[in-house]
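Before any questions on binding or motion, here is one chain by itself as structure tokens, the form predicted on its own.
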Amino acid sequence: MKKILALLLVLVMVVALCGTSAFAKGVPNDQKPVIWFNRQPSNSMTGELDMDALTWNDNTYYVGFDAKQGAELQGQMVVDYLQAHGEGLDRNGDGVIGYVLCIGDVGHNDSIARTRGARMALGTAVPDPQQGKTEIKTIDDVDSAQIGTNIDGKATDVQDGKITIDGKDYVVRELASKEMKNNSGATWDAPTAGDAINTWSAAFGDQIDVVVSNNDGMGMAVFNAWSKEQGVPTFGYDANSDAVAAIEDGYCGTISQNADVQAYLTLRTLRNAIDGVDIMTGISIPDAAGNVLSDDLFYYDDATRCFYALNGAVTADNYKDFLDATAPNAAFNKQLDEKDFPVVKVWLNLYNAADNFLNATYLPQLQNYDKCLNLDVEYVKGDGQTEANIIDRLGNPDAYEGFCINMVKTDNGTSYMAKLA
């Protein structure tokens, strides 16, 4: 009996030294943690969440940011700027504030929300007929379709809005909007946006008074190609380092989606799920090293198993606080003890090797936190066009204890689940 007790004690000590991982070798891949991030599993036509993907197993979560809150913030940032800079804003004096809109991906929830947010704030929104909407009660009711060109204000997917600046009423008109997709099918494409502004400026000339972009990659392409020289206010989203730095040179504003918080949450939820601990460890509950997020940085929706970082506006008033978009946050960058949390190998992909935000901002933030969480991450970059380009490179899922997945298209969750089944 004493020998048995001694053996049991040794086994307990071995388990303690090896950490609390609930995923030993040989566990089926379909039971390992899956963290969807950045591109939320959803129907690309309606935006309806794909709950089959979000609840695939008990260790599946999504990490992103509050797209609606950020979209409304971007729209309000544009309106605030217009009302504060009324003099000379109407470049040709026709009483119309004309804007062009760079759309990232017409089937992506974040892009849809940003298009809706801009239109709501500027008064150009109409109810979405594809959803059977006849009035706008919330941002979800707004038509987000690209309109092509609308020089005469007769497009049906938008309407003319109105804004009062310094006591004078102006018409607000969406002159043009377009999904920035290149010939290979990649969306959110910055060079395509640079080409688009050259086409639009040739067609509309000084009727373009404002540029609004669904992200900074496209916004900066427009800024560098045309609007900087023309002095036309240009607004983006993501708070990429180059865009924040460009505010000093006339780029008018962007939205920080707190990439540091998202990157940490992506890896932290994976670490917690691998370890079999409370999912809020090191998030709302301080971990042994003292890592914790404050409540004003994120929230969690238990019904959909989604973590959302909150957004902040970056303008000429505060841009210097955001110049380094890749700096880690000391509040949640403390090293875990490797004795208690041994290194585990995980797989993570970025959907597009050319995406500015993911590669210039998100990836450096992931690399800020992977080592402190004792994660040996294999980073894979896709072509932004086909899911197979990513999935085919997950050749041996058995080699990993968890997966962080950034899809090309938001409704392709089943493709990854089939790979891990």
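Numbers for residues come from their place in the sequence shown, where the first is 1. Being a predicted model, the structure only gives us computed values, none of them experimental.
Keep in mind that the form predicted in complex with ligand BGC is not shown, yet the notes after this line are about it.
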Answer with yes or no whether residue 38 is in contact with ligand BGC in the predicted bound form, where contact means some heavy atom within 4.5 Å. yes
Do residue 351 and ligand BGC share at least one heavy atom pair within 4.5 Å in the predicted bound form? yes
Under a 4.5 Å heavy atom criterion, is residue 238 part of the interface with ligand BGC in the predicted bound form? yes
Residue 110, heavy atom within 4.5 angstroms of ligand BGC in the predicted bound form: yes
Ok, 177, 115, 266, 257: which has a heavy atom sitting within 4.5 Å of ligand BGC in the predicted bound form? 257
Here the chain is shown alone; which of 53, 358, 366, 391 has a heavy atom within 4.5 Å of ligand BGC in the predicted bound form? 358
Region of this chain that lies against ligand BGC in the predicted bound form, out of 151-159, 102-110, 324-332, 129-137 [heavy atom, 4.5 Å]: 102-110
Going by heavy atoms, what in 175-201 lies within 4.5 angstroms of ligand BGC in the predicted bound form? 188
